[in-house]
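Below you will find one chain, with nothing else, as structure tokens; this is the form predicted on its own, and questions on how it binds or moves follow later.
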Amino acid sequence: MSSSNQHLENVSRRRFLKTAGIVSGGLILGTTLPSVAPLWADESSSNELNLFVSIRVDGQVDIICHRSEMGQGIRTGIPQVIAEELCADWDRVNVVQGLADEAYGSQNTDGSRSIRRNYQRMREMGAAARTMLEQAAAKEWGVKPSQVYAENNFVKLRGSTRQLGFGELVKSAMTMTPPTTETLTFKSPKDFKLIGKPITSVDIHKVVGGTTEFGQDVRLPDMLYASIERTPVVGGTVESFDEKAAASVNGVVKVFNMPARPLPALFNPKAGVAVIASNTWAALQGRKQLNVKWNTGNNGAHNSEAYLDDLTSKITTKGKVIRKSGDAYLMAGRAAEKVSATYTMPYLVHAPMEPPAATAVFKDGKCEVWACTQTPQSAQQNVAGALEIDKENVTVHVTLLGGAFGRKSKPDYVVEAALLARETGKPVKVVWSREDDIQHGYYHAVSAQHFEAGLNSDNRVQSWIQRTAFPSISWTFDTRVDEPQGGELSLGFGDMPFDVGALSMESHKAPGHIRIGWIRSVSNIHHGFALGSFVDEIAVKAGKKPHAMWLELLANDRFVDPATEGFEYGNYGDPKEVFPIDTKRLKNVLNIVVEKSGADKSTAPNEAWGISVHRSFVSYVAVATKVSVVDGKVSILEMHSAIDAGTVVNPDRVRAQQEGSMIFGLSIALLGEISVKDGAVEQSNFHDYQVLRMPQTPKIETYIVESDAPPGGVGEPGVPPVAASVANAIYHASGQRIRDLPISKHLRVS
């Protein structure tokens, strides 16, 4: 791809098939099908042509994956679903990465949505292609379509040995009218050969062999390299810099003052100075000579320690009520016992192993981009806006992503490459260092939360007050926003599933000062930590086992609807009637993880288990963590997780995602902290923004609940219960209650 000499041609759908190695003359199917499919099955109501299935005359099946692969296995999962209903031979399936194209519907690979929003539609794509092949075979044999069936890349005649390969049927099938959705037939789950099976990742051998192309790997003829010194403060501007010194470095071609853009930050590049050179080393050395002076603007006074102190102070006072039942304050006054606690978390950053990377070419009013992006359509739109050209004149190629966690759904780095390509008239790769990634990202919000529970004489909860305060992601898009928004409050706060009778849920104002963005499981991170920790504290006060306390609070099996108590719950954009908050499923994963791990059993001295459970992205996850605390040092001994994600397409990838979530969650709980002083991020690399090392990683066990419910999210739901399970285990092992993360501020981590 990266060596193509046809970078700037208008890539029509037919031409894309050719350049992707798909011969013309194959069956191309990709209409959304005029249908009565439920709206939640896809994020687009478009009826335009989509390219998902193409069959070569030799029988090879090419399947488009329109989502981005970052290690989660979606380039395997999407084709698995299509190939299942197509009845294709998996060994003859070839996966092709889709370009940015609105015809696919949403290509945003975030929010744990790829399978849950595309499962039904991808089944339709496979079933429709199969139907057309079966119709072609029936026509060939002069029989009714009901007399034929597809199996393993062939269409066969019932009661006969006659069969025709998919490739033999291509030309005839192309003349068939695509069936409408309501006429399609689908396989019974009991007949699945691919869905629900642990299919090996289609990219694994190339990844291990080093023959894949990540964003940092792209090479184009005559390519230049850019390293950018960016303002350390959001909203800051360049005051002066030493262009002559930078330009004097051998290999430097140009020094360019990146244009400052007014707030809000949006997905715009930060103001700065780009050093463009013939090689990466020269660009980096030239950058060191810039000696940039900054005007830091209004956010130059922001200090995270003082900011969090302010949040912690205000969170103990009444806030804006977002959900209410009964009179929690009256019942609290009548309580026999009270439990209260405040929990805090610092800013966090994504820190994927591959920093952001993008390469661009601009010529004759058209731009072509190669990027490790989660959102090719957003990249296309933002590049078009920055260059003031139509988005149809922007082609975005999606490389593999070396991790992402939400960072690479913000295409500021892609826009940088496009602007510099236009400036130089040559291909330009923008090279982000680890320091650039840590200091110029979009951050998970610093937060404070306060909980109060009143217990009656039977040690049962009779009142519940919870408050939250954190700067909103929406501030990144509108600086007038100074408090958490409904969508964020829907992530583990306003959807609290307990049956407590009298409750008050409240939020406080928290203005933004740095770029806030979604990170793996978003606001569920801090909400899950606080809620899971507080349940454990109530259990201790009530003299009950944490497991029993959870079950008591979850109460009877039921569907919870926060709207009945005044909170318009977003439910991750999915219909509540299809994906209700189900306490039975929450209790089930909790029971499984406690039973499998033995978390209710006694342990050796200085060792203990901690548990927590959380629903997010319409999936249910429970975590049990065993720790040892000796002489002020904590060691994580083992972790167990149970996930109910509804119908599972590939259990191998679900297990891997759960394992990754445990490690990601441990990194946050034990080590993660971004601090800001004078508006600038203080950390710069893995030495001071630490992530979990291999010797610190415990034994991890995962249990996947078998379910016929619609598919839920997988990539993020494992993270929220982790921090609470660890903090709870530390308390039960040592008596030390940690409410302020990271744990490394209180204990040494081994």
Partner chain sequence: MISFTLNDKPVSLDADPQMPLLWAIRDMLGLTGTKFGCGIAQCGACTVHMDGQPIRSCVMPLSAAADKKITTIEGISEDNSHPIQKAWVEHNVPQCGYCQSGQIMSAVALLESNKSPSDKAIDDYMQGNICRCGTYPRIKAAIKSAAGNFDLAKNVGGDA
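A quick note: this is a predicted structure, and the numbers were derived from the prediction, not measured. Residue numbers count along the first chain shown, from 1.
The discussion below concerns the form predicted together with the partner chain, not included here.
Stretch 350-358 is the contacting one of 510-518, 129-137, 156-164, 350-358, since its residues have non-hydrogen atoms within 4.5 Å of the partner chain in the model of the complex. This chain lacks the partner; the member of Leu284, Val339, Leu637, Ala103 within 4.5 angstroms of the partner chain in the model of the complex by a non-hydrogen atom is Leu284. Thr280 is the sole member of Thr280, Thr479, Asn108, Thr237 with a non-hydrogen atom lying within 4.5 angstroms of the partner chain in the model of the complex. Taking the partner from elsewhere, every residue among Gly210, Arg655 and Phe686 has a non-hydrogen atom within 4.5 angstroms of the partner chain in the model of the complex. Contact annotation: Lys626 falls outside 4.5 Å of the partner chain in the model of the complex, judged by heavy atom distances.
Although the partner is absent here, Asp390 is not a contact residue: none of its heavy atoms lies within 4.5 angstroms of the partner chain in the model of the complex. Remark: Ser504 does not count among the residues lining the partner chain in the model of the complex, judged by a heavy atom distance of 4.5 Å or less. Residue contact check for Trp432: one or more of its heavy atoms lie within 4.5 Å of the partner chain in the model of the complex. Contacts between 385-406 and the partner chain, taken as any heavy atom within 4.5 Å in the model of the complex, involve Leu401, Gly402, Gly403, Phe405.
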